[in-house]
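As structure tokens, one chain now follows by itself in the form predicted on its own.
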Amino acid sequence: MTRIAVILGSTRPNRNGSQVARWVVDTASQRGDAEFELIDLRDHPLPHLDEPMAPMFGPSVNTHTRAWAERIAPFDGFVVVTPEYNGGVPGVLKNAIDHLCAEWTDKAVGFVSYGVNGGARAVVQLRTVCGTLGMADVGHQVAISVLTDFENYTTFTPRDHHMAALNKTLDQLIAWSAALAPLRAGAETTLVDS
């Protein structure tokens, strides 16, 4: 079965993302057409990119990066839950992405974003980054406003249109993850042997 990781891209105290990520996992897990698992970046602290060589040139010498690679490698696709900070991607999320290369390649990615403007500018940046890594980003996304979709700016209250957007995003993500499987088949042995 297709395995999808839901990556929570914020580590801030009192973050709104944990509610959003839990909603994504709970909703997605009811589908039955893929397995979904939450990956919280708080559980995978990485220093600022400290690799002596670019990740595209092979396995890391650092145990923290190797552990991160082992966590990401088994998944067929990803849903990135991201806030928008000052018009962009959270540094911790970009850093986690930058630590790897082959583990992202030929996999699909979808986005659930939140912010004053629904996190749209963070997703624009992530589409560029993910495309550069050889990921297929799906067209649909979920955009959540911290001004209108959280009670008192703290309690996430998803609306019907959010559910429809999430299901469309997941439909595309699962289809693309399956379509890319033949490209990943040869790479899986390379990742394990590295």
Ligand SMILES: Cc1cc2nc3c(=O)[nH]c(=O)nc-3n(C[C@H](O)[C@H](O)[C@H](O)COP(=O)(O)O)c2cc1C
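The structure presented is a predicted model; accordingly, all values stated were derived computationally and were not measured. Numbering starts at 1 and runs along the sequence shown.
Below: the form predicted in complex with the named molecule, not depicted.
Annotated contacts: P47, T65 and W68 are all free of the named molecule in the predicted bound form [non-hydrogen atom within 4.5 angstroms].
Heavy atoms of G91 never reach within 4.5 Å of the named molecule in the predicted bound form, leaving it off the interface. In the predicted bound form, the named molecule lies farther than 4.5 Å from every heavy atom of R22.
The closest heavy atom approach of G87 to the named molecule in the predicted bound form falls within 4.5 Å. Although the partner is absent here, N117 lies within 4.5 Å of the named molecule in the predicted bound form, judged by heavy atoms. Annotation for 1-32: interface residues with the named molecule in the predicted bound form are S10, R12, N14, R15, N16, G17 [heavy atom within 4.5 Å].
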